[in-house]
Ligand SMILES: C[S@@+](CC[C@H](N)C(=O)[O-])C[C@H]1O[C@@H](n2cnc3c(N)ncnc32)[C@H](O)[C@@H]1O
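Form predicted alone, single chain, as structure tokens, below.
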């Protein structure tokens, strides 16, 4: 792996980024947005994602080498050790270069007194020369999270935990309102971009990830980057509803599922564009989503609205609702390894309460005979079947519709995709039907 002349700087910056994650509870996405210079080069992104992905394993390697824990004010040094040890254990970089540049980075952190400490710890790691193993029973996960996955998935749990330490595939969704899948494949072949068709006709999986803006037709809106699992959401809502008079996307940002739904419903939307409502509570995310929709050629204005209240609603019922609920994201740990560093057991209880609150609130806006698609990118039963089970208990006018997808497995009320399934992240889907009117 190639290093740059500023390799000491980049190691110091990654150490500071890890401090922001562990101490300030910032996400990697936040760091990418607010400190783009820290992640501008491939090696910087490799270090940030890799250290987060293997954080607990690297911790278990360096902690026994410290005579005592570093002070709170020296956690940047601790994370510099994480950065150095990660490279020695997982990357093909000459050991002398790793140690020298990581030692030099102490000066960038304004702590040159720690040169001897960093040098000693990393040389010991280098001498041991053993990559840490994904030890059972937790496989590099916080114990509480591993236990919840093991309780839910029994025999397949270990495979899921190991899969979470791997890299996710890069999957595209061809915007068929602009170009056919066949023609887009021709473009990829012309640019020597190796790929395969996914389980859905509009999905393409790249053999090797690449920067999205380097994709052919990106700026023309011919393609979007969207996980294969996420692509099932719009298709399910499309297939399991009659021609809807009004559609609501209740948590629309960042717009992947919304733009896909707009592409599937193009004819209806062109004739009745005001019958699609998309809301989100974050002005920044609304702005980002509008830019994504514009690039893909979709002329739809998002509204500011919170799915836990009805101040945004005009009182006219919807015949179809998509609720992509806020969740733990445990199905996307491969893409967001910082989840293992940020999440705690209490968060799940809080998220479950929020998910139920959103369902109960939005149920008031759904017309009789209407359909609500509830989805999360979680692996945890508490956020998935557990939420739907509680919701069905509270609402006598609600029933669920069975789902069957080409990959994944059936749960009691919904369908679960796993990171061990071909080419998908972990996603959960449940279709809830509202009784009343003339039953179909």
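Positions refer to the first chain, counted from 1. Fair warning: this is a prediction, and the values are worked out from it, not measured in the lab.
Not pictured, yet referred to below: the form predicted in complex with this ligand.
The candidate site formed by 257, 285 and 307 is fully in contact with this ligand in the model of the complex, as each residue has a non-hydrogen atom within 4.5 angstroms of it. Stretch 321-329 is the answer when you ask which of 155-163, 321-329, 195-203, 119-127 has residues with heavy atoms within 4.5 Å of this ligand in the model of the complex. Proximity to this ligand in the model of the complex, taken as a non-hydrogen atom within 4.5 angstroms, holds for one residue of 172, 251, 339, 359, which is 251. The single contact residue among 227, 263, 101, 280, judged by any heavy atom lying within 4.5 Å of this ligand in the model of the complex, is 280.
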